[in-house]
Every structure is written in C-alpha cells, then in structure tokens.
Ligand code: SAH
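So this first bit is one chain, no partners, the form predicted alone, shown in structure tokens.
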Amino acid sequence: MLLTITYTGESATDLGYLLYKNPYRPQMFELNHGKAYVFYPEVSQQRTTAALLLDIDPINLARGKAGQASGGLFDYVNDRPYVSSSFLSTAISKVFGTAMTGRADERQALSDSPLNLTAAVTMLPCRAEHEKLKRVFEPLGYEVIYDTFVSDENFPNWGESSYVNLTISAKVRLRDLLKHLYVLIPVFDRQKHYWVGADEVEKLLRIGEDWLPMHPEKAYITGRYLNRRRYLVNMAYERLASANADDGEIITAEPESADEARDKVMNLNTRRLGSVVAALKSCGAKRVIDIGCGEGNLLNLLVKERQFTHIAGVDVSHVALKRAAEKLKMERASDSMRERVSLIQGSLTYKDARFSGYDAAGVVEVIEHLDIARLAAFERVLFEFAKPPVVVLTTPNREYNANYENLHNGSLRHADHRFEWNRSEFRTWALKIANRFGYTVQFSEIGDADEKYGAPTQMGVFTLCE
C-alpha cells in the first residue's frame, strides 16, 4: 500500500522539515506486522513528493489472529497486504506523528499555513460507494479524483473492482490532511486490524475535533470508523451532534440511506424537544426543572423562552452537567442568567428537596434508562415528593422499532436502555401513576406515525388534580 503527499509551491523541499523526514535519505520503520518506508520520488524547489510505502507480511497477519484454529490457505491469501487500510492509518500516526500535531521547529509558520497539497492513496477499498468519496472529502475542501478498474481484464463479466486509486487536492494545512487521511481511510476499508473499543471513541473525537462535528457525513464516518459497534457509535455521536444527544434513537453505522436516516433522527429529536417546550409553555409554568437533563438540549431551548423565570437541570452524571454548562455558556453568563439557571447533580431515585418548588418538570427519554427495579423509587421521587403541578414525560414506542432495519426482534434503540414500552404498556403505567398520586394524564405521539406501529415517541402530560 502506498501513500504519496505532494507539496507544490515556493521552497517545496521544506516538506521535509514539516514531515521530519530528510528528502535525501530513505528511512525504514518497524511495524507490528511489517515495515514502513519513507522516501521522496520527487524533490525540487517547486514540487516535492513524499511517499509512505507499507510492506505487510501476510504470514505475520495470519499468525497474529486471536483464537486461530488450524489455519488454512485463505488465512494467508487475502487483500490485507495490498490495500489502503487501518494499517496505513497506524503507519501515518507512527511515521508522521509529529507532523500530525502541527509542530515544526524549523518551519512553524509554514506548518501553520494552508499549502497546496495533493495526496494519492493507492488501492483504497470502495465497494460500490464511489459517490461517497466526494461526499466525504469535498466538504473538507478537497478536489476528488479517483480511478476505477475492472476486476480482471481476462474476465470482464466479473465487473468493476472493489478498489480505487484516490487523489485529493486542496489548499490545506499538512496536519489537517494527515488527520483526515488517518480517520477516513479506515472508514472506506471497514476492516480494522485491531480491536475497536471505547478508546477509539476518544481518539476519533480528539483527531476529528476541528472538523468532524460540522461534517454533513459525520454519522456515516463515525459508524464506519467504529466498526458499526452500536454502543460506541451512540457514545461518539451523542457527543459530536449535541443537538441530537439523549434522543434515544439508534444512529446506525451503515443506515439504509445515510442522508434519510440522519435527517430522520435530527428531525425526530427536534420535534420531540419542541413538543415538550410547547407543553411546558401551554401550562403557564414559570419555574421548570428538567429531570435527567443530560447535556442540556432541553435546557438550551428553555432559556430562550422568557416565560420561564427559573430553570433547573438535574442529572446524576457530573460529566453530562459539565457539558450542559458549556452548552449554556455558564462560565461567561451574566449574573441574571446565573440566577435564572441552576444545574444540580443528584440521583433521580432518591428524595431530594432541591427537586421541589417547580411549576412543571420535563422528563425527556429518561425512564427507559432506569432499571425496572428502580422505577418505583423514581415514581415516588417525582410524583410524590417533588410533586410538580405538571409533568411532561416522553419515552420510545417499542412497536415502532419494527421500522428500523438494523434492529432485530427484541433489540432496543440504545445500548443503555433497560426497557422500552409499547403504547399499551406506557398507557397502563401512566394511568396507574396518575391514579396513585392524584394526577390526570393526556397522551400524544411525536414523529411521523406508522399506520400499524404508531409514532416513534410517545408523550404523557400529567396534571395534578386540584
């Protein structure tokens, strides 16, 4: 596998300073499953090209398989040594690690400047997803060119090859180019050579912090980079797309239509929060508490409504509250804003005097995250002890899950959900609660309704009897 980076411009040989690799001396680096070589096939003051060549040993790859049985021929015959994959990303990080940080002791000003750069990636797996190449790289400012091939000239009926030679060009900082390649090469290959765990979420968010949150294909990139592991995808996506956090929807690694799935999720979350705000406004509440506020999506909408004179958010997670404070810009908030908004760390299943005294409570996609055994405690904390005059509560409708192709029978929408109720179960529970604690309840559905399965979200508005 081969990656070349070409710098075209004045004093182009300075590319060697930026990469910390001498243009006149080839270098070799040991990798876990082979070797990486850096050399310069082209060096001039106007145009300089650096090449990163990987020599991966298929014998080492097969021997390194965890739980390998007897081992057959096809353990050794595969495309791993020849295609651009996570091996290339690992080599980029190891060989060009300093350049990825943006440090360039000899040419720092050049490192901080956008340069005319072209990167060529050979044999990038791209299985019938050629259009995705443009949709992934063009929003980052690149001109995208790719060459395709037939699988075998002697057997044209086999069709087009699953690989392309990709060339991207832009005026961009070298560090950004390297970070883009590091993340996006495995996105198209989809076969990482190492275990993908929670640390990969942190790595993705760190390397992509300057560009991934705004990328129109962030759901696609996140899902593919994390090998479609649902709990990791949701973990990352909730932090990347703050407007979508805590919505309880599955963000699939490979949705049936990435655009439609992403728009559906964003639209549902927007409509859900909008419905809750509308219900809180219509009841005339002035003092509102968001129970299980998470990263503050509802709070961020409530502060824009002057009707609400005091707003509180409560969550058990200190990290979530910290992110809520950042979203609300509490560090730079005025004194009046600080008096109006408060964030409370506390358990939702223990009586807490700080939860009392509010006109209304919002409980958005919370109860399904509680163990059934703890639900009774939550009911008493909210409806018996805090006892707000109005409670607006939403939860997923399990029946609607049949519309999600990637959910198997009995699967839940989110890895942290303990249960999900169908419409009948939710109504039975809500009516029992209302009768027990002296409330009435009205039901409604949120989202595009299916004739058979209803809408994806169900809402109950509880009103305290006078």
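Residue numbers run from 1 along the displayed sequence. If you're wondering where the values come from, they're calculated on a predicted model, not measured in any experiment.
From this point on, the text means the form predicted together with the ligand, which you will not see here.
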Where, among 204-212, 341-349, 130-138, 301-309, do residues come within 4.5 Å of the ligand in the predicted bound form by heavy atom distance? 341-349
Does the ligand get within 4.5 angstroms of any non-hydrogen atom of V316 in the predicted bound form? yes
4.5 angstroms heavy atom contact with the ligand in the predicted bound form for V392: no
Is S86 close enough to the ligand in the predicted bound form to count, meaning some heavy atom within 4.5 Å? no
My question is simply whether L370 lines the interface with the ligand in the predicted bound form - judged by any non-hydrogen atom within 4.5 Å. yes
L19, S93 and M100 all contacting the ligand in the predicted bound form, non-hydrogen atom within 4.5 Å: no
The listed residue (C293, A219, L178, V288) that reaches within 4.5 Å of the ligand in the predicted bound form by any heavy atom is C293
The ligand isn't shown here, but in the predicted bound form which of A170, V364, I185, L280 has a heavy atom within 4.5 Å of it? V364
